[in-house]
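Shown below, as structure tokens, is a lone chain in the form predicted on its own; questions about how it binds or moves come after it.
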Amino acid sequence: MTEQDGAGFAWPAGCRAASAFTFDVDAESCVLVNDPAAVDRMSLMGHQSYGPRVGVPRLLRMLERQEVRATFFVPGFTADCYPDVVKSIVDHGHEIAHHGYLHEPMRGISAEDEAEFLDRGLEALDRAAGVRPVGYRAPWWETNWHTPRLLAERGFAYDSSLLDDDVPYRIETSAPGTPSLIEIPVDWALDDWEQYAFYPGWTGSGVIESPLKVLEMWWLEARARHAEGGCFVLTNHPFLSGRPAKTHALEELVERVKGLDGMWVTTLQEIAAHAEEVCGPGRVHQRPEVRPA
């Protein structure tokens, strides 16, 4: 049984909206892919390794207190460097999903190169914890027109990289004989990178927001999506939101979101499985045609 509410998406009976707390465990990968020489920057490497070494354990404790299961997107390089962390995430009952191998920028790359990165990431997650993920998130949320086909060919059930809706929907892959995918959209306003990320000479504007300001912003988004029957997908990075004050603010947000009447708090895998049952025909994404002036 399902019920229609707000945006018209059919959530499970008794639910009017859904939410998922997701974590991209980038660690050193997102630095090294752009600048391999950064491996010599000890402090920068430590800043990134804080995520798997300290941030993930703190976040796992918080999620355990809140009795919430989350989705962790793990680059293959992180899995190779920190296999025990990946195992710990699995042992705590959370979902592991795919996030490239070395957090490679996907913009404009060939299907052959993208396929190689997908396969390397799958192999690394299997080595680390015997995991075959059903979910994918493109590094920097940057997909190509051939990405859905590559994901479908590898048996992925869902993607969470696009920013074009407030509820899950089905994507047609445009490849004969390949199944469709479920898309669970994201939003830059619901990413802690834009709020907290700063390291001299690498990323950020130098402005690190107050966790109280971030809590207020995300809570407004959660309430709005709940009111409209939408899907609240929050993206955090353990090297950022795994730090003490930020985790405390995040835990308060989790408590508030759990308290919203009819809010389904779960993993992206479970949202995708439900969407597979209720979504209608797939959406075909069309590349815009740009004509010379």
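Don't overthink the numbering: it's just position in the shown sequence, from 1. Treat the numbers as computed from the prediction; the structure is a model and nothing was measured.
The same protein also exists as the form predicted in complex with a further copy of the same chain; that form is not shown, yet it is the one meant from here on.
Item to complete: Evaluate S174 for contact with a further copy of the same chain in the predicted bound form, applying a 4.5 angstroms cut-off between non-hydrogen atoms, and reply yes or no.
Response: Although a further copy of the same chain is absent here, S174 would stay clear of it in the predicted bound form, with no heavy atoms inside 4.5 Å.
Item to complete: Using a 4.5 Å heavy atom cut-off, state whether H94 contacts a further copy of the same chain in the predicted bound form.
Response: The answer is no: H94 has no heavy atom within 4.5 Å of a further copy of the same chain.
Worksheet entry | Distance check, K258 to a further copy of the same chain in the predicted bound form, heavy atom within 4.5 Å | Contact check for K258: no, nothing within 4.5 Å of a further copy of the same chain in the predicted bound form.
Practice prompt. Would you check, heavy atoms only and a 4.5 Å threshold, whether G130 touches a further copy of the same chain in the predicted bound form?
Written response: Looking in the predicted bound form, residue contacts with a further copy of the same chain do not include G130, since no heavy atom lies within 4.5 Å.
Item to complete: Would you confirm whether the three residues A13, D113 and E153 all fall within 4.5 Å of a further copy of the same chain in the predicted bound form, going by non-hydrogen atoms?
Response: No, because A13, D113 and E153 lack any heavy atom that approaches a further copy of the same chain to within 4.5 Å in the predicted bound form.
Worksheet item: What residues in 111-148 sit within 4.5 Å of a further copy of the same chain in the predicted bound form, counting heavy atoms only?
Response: E116, R120, R127, W140, W141, E142, T143, N144, W145, P148 sit within 4.5 Å of the partner.
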